[in-house]
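This document starts with one chain, in the form predicted alone, laid out as structure tokens.
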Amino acid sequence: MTGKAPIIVIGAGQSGQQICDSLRKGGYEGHLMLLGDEASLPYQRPPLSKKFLTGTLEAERLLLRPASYYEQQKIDVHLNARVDSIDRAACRLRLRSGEALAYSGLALATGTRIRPLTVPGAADANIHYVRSLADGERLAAALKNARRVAVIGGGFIGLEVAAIAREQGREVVLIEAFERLMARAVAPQVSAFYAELHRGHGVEVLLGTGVDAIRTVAGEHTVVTSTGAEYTVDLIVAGIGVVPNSELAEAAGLACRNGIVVDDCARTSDPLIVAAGDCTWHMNGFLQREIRLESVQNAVDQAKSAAASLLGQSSVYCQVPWFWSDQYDIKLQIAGIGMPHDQAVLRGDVSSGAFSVCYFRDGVLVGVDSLNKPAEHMAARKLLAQGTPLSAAQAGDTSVDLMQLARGA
């Protein structure tokens, strides 16, 4: 895709930055524009619910690249630039400022936005969410003065925030609607381990409990749960999921279904437009099914395929998904997608705080959760990527060296 009009990347996050980087490394020397609707250069989001809240990680260290990188690579960055519409017939964008921009190729890396809590009284409660740098800065400041914190949602974000709040000495109640923590991502034994981990650190963990309403009086919030119990706190954090930012694509007539629909090379239904990252509903070459993934790994690897497609090449996105979460002194690392599965095999001793759970479907390894077992996590990624056979008996036998298996020894 060449011509006088630039290639434009909408979305200055992990995926948008990677698309720009891959285009330059792939030989594209034309005009390249990166449009971001925030005030910051592309930055890492995962630390926002982890180290950033402790104050030990400054905002500058979150940046994926310094400002000089974009100057050196001749990437024309526009911050606080919101795109209102895409005219595919004219290959033109309209910004909220009224400016119109022509493009020769377009990449959508629009990411996701938080799913807000909508119970009665939520709008008056000044609820904190964790998605943007501004969110993280607001929450870090609020935690300094908080005494009692309610965390709504027992997924990665909620649990990470709860852990940080407890380590800072705050009273914490964690409210999860499902009967177990991280229910969509991990096996029951992992959920149970984390419930006990947080309770052991003093968090009041409420499972199978919803939030019916929030009352706010003089800066204090009373969270009314589905069981009738009430908790008065001075800070509420909600982590109840995200929504893909696909409205811009949908309004432009692109195929969308729980995200922007792309093929295994990150191509949309328009040959001039690609999409990558959390916003995409994509055919995943490794999983051999369509899925939407929210992870750094997906944002980076799919972005590389998107850039290749803009350069007229074909690079199938076929990487093993992986994720991680830091809570207290436990690092959870996930390789593959264990859900759904028909067998979960424990590897190691749960009471030690260092073990893995291997997931099988129809006798085939599909995912591995490793807690404080980084070597097993790396071995699992290799086993999954290579399709190396692993039996349930081998998975449960700690004398079997998974890395040796992965190396073919």
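Counting begins at 1, following the sequence as shown. Remember, predicted model here, so these are calculated numbers, not experimental data.
There is another form of this protein, the form predicted in complex with a small molecule, and it is not shown here; the text below is about that form.
Visitor: Taking 327, 333 and 373 as a possible spot, do all three reach the small molecule in the predicted complex with a heavy atom inside 4.5 Å?
Guide: No, the candidate spot makes no contact with the small molecule.
Visitor: Based on heavy atom distances of at most 4.5 Å to the small molecule in the predicted complex, which listed stretch, 296-304, 162-170, 197-205, 116-124, is the contact stretch?
Guide: Of the options, only 296-304 has residues within 4.5 Å of the partner.
Visitor: With the partner left out here, check for me: in the predicted complex, does some heavy atom of residue 22 sit within 4.5 Å of the small molecule?
Guide: Contact check for residue 22: no, nothing within 4.5 Å of the small molecule in the predicted complex.
Visitor: Considering only heavy atoms, tell me if residue 245 and the small molecule come within 4.5 Å of each other in the predicted complex.
Guide: Yes, residue 245 sits close enough to the small molecule in the predicted complex that at least one of its heavy atoms falls within 4.5 Å.
Visitor: Can you check whether residue 12 is within 4.5 Å of the small molecule in the predicted complex, heavy atom basis?
Guide: Output for residue 12 is yes: heavy atoms within 4.5 Å of the small molecule.
Visitor: Using the partner position in the predicted complex, report whether residue 315 sits within 4.5 Å of the small molecule, counting heavy atoms only.
Guide: Output for residue 315 is no: heavy atoms all beyond 4.5 Å of the small molecule.
Visitor: Report the residue, out of 35, 379, 345, 365, that has at least one non-hydrogen atom within 4.5 angstroms of the small molecule in the predicted complex.
Guide: If I apply the 4.5 Å criterion carefully, the residue I get is 35.
Visitor: Considering the small molecule in the predicted complex, which of 252, 146, 187, 157 comes within 4.5 Å of it through any heavy atom?
Guide: Residue within 4.5 Å of the partner: 157.
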